[in-house]
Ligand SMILES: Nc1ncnc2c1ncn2[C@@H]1O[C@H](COP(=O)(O)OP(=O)(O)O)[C@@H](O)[C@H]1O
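We begin with a single chain expressed as structure tokens, specifically the form predicted on its own.
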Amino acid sequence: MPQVLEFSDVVVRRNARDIVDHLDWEVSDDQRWVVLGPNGAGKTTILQLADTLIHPTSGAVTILGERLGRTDVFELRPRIGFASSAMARRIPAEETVLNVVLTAAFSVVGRWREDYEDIDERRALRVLAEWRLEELADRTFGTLSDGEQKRVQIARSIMTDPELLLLDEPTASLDLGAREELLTLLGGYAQAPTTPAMVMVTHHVEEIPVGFTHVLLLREGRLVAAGPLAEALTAESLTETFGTPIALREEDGRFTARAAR
């Protein structure tokens, strides 16, 4: 399968510290990756590289066939969907949910004087329906619950039919009900044949949706394990990643982890 993302001996150095430490990693267009690791492991930095927001200190990052540093990132970015809490903070609280999603067509945050076509609005309404948001189309973003805002962010990120979708802790801060609703939607989306390659950062194995295929485990910027979930996500690899004995359980495609006794 074609590669949509490739890291070759990638290093990101800040203040004499390697946040990402000589990482080799490849993502194919039919894969759904989850990135796990403790705080400071380099997870969000990897997403920032994949979204062209930063460049590596050394090594090569290739995104959708384009080498970072040798391509126009402003032409590349519309091909990538990215949902994160940082993006949510940029969305005007008074913007309607429909406009939050619709403005992705112009890669802007906050509707101004853009002229949208009927096909854009129909697409936005269809995406809202897919993420159970159609009844919220006229609500303002600032009045939504955390779970609703998370779903709006994801709907916005897929509005332009991206070739690569990046999700930074999409279930963070959600209560149990909102988390499970979002994981169910993500699981269904991940298993659809037309879905793009996906990379999702999380802290917890319980937040891995059904339908995700691969895992990347990081500790202090270094690769611990990478590969298919059935092979790379083990009690041993989690123990090494988080530095404490971990017991892992899988049931019906979902995982739980606890301290080993």
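The shown structure was predicted, so the numbers you read here are calculated from the model rather than taken from an experiment. Residue numbers here begin at 1 and follow the sequence given.
Absent from the display: the form predicted in complex with the named molecule. The rest refers to it.
- Using a 4.5 angstroms threshold between heavy atoms, G42 counts as touching the named molecule in the predicted bound form.
- Within 4.5 Å of some heavy atom of the named molecule in the predicted bound form lies at least one heavy atom of P38.
- Although the partner is absent here, R14 is a contact residue: one of its heavy atoms lies within 4.5 angstroms of the named molecule in the predicted bound form.
- Under a 4.5 angstroms non-hydrogen atom cutoff, the named molecule in the predicted bound form has I19 among its neighbouring residues.
- Proximity to the named molecule in the predicted bound form, taken as heavy atoms within 4.5 Å, picks out 42 to 50 from the listed stretches 61 to 69, 209 to 217, 225 to 233, 42 to 50.
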